[in-house]
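Coming up is one lone chain in structure tokens, specifically the form predicted on its own.
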């Protein structure tokens, strides 16, 4: 992973859930307005609006080609904005060069200077800014200690592991004390155990630097959910959803978001209305809508964006299911949604995954995926199974 210090000078309407109480009362550290970027004739970013506040970790999430790295590089100044503006620290720096933006950048590869020792790599940006030797060495010591690399300052990059090189790159980006830190898929080249370790390291680092704004790019949803105050999901150059990790997981605003956060079943259902089955609101104000799938009636939570009639998609996470109790029955809403929804189907397959078992269950017009605890005794393939889930564990989404 390489790091670049950047010196500071003297369609769809996504949901927005501020990451922290009172966040919008402070001016944003980064404000992107109507940003458009093209590569030749190909439009890769379209009308992007994004704010990042001091102390906030915003993760740009999306599949390859979604535009997340392009957005980060545009903020850094390495990609030219075709339209819109980029305001950093209250200053419009849309046309400013990278070195004049007051940002620290850490990218994917380990492009530390191979001929320089660790301490020289970290000192590079400070020396370019003509800091005194005493100030430079003090900063080198502080930030190497901060990332746990103080004992390695005399080593060359080739003498370090990938994770250690990554820590040095972070120290180099932080040493210039940037207004914001930009991380472009910093964990993508690491194996699973080291990736988990570095996620915890990044969490600890942010706890020690609580005022820095962080923009982190990844395609890995588990990484995003572990690190983000707010996730911004991109698809084909547009923001399709943003909010806290829990908000996007529990109440995705659209089917695309539900699909991206894996293990979501999107079941085609028909919304029942009028004399067939009245909608229900419980004592706490939660709204439920009755739906039908494969001749079975269920209740599902609704949001302001949920459809109110016709066909829809019922979003249920695989982990929401469990074997139905003998007395289980579909809830009718008369007890405030306390009763469980029940679906009956035929087991297609059972796969043991260690801590869980993954079941594929055919309902006739749809197939559901369920994750049950490893010790659960389940029917064999070809047999009938009854699975239950709480109405609040499902949400109704519009068909795409």
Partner chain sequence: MNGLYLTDRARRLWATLALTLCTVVFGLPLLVLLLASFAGHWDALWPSSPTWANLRGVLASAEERAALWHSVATAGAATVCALVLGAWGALAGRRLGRRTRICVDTLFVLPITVPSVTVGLALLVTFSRPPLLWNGTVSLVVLTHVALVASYAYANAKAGLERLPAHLEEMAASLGGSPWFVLRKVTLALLMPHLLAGAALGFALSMGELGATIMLYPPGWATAPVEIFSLSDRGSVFSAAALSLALLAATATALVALERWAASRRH
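Throughout, rigid core stands for the largest set of C-alpha atoms superposing within 1.5 Å between the two forms. Everything quoted here is computed from the prediction, not taken from an experiment. Positions refer to the first chain, counted from 1.
Keep in mind the form predicted together with its partner chain is missing from the figure; the text below concerns it.
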### its partner chain: the contacting residue among 295, 114, 210, 90 in the predicted complex [heavy atom, 4.5 Å]
114
### Query
Using a 4.5 Å cut on heavy atoms, which of 127, 325, 203, 311 is close to its partner chain in the predicted complex?
127
### Query
Which single stretch, out of 287 to 295, 133 to 141, 117 to 125, 315 to 323, brings residue heavy atoms within 4.5 Å of its partner chain in the predicted complex?
117 to 125
### Task
Report whether the minimum heavy atom distance between residue 153 and its partner chain in the predicted complex is within 4.5 Å.
no
### Message
Quick check on residue 216: any heavy atom within 4.5 Å of its partner chain in the predicted complex?
### Response
no
### Query
Taking heavy atoms and a 4.5 Å cut-off, does residue 259 contact its partner chain in the predicted complex?
no
### residue 238, heavy atom within 4.5 angstroms of its partner chain in the predicted complex
no
### Message
With its partner chain taken in the predicted complex, which residues across 167 to 204 come within 4.5 angstroms through any non-hydrogen atom?
### Response
172, 173, 176
### Query
Any chance the CA of residue 249 moves 2 angstroms or more between the shown form and the other one, core superposed?
no
### Rigid-core frame, C-alpha of residue 156, shift of 2 angstroms or more between the shown form and the other one
yes
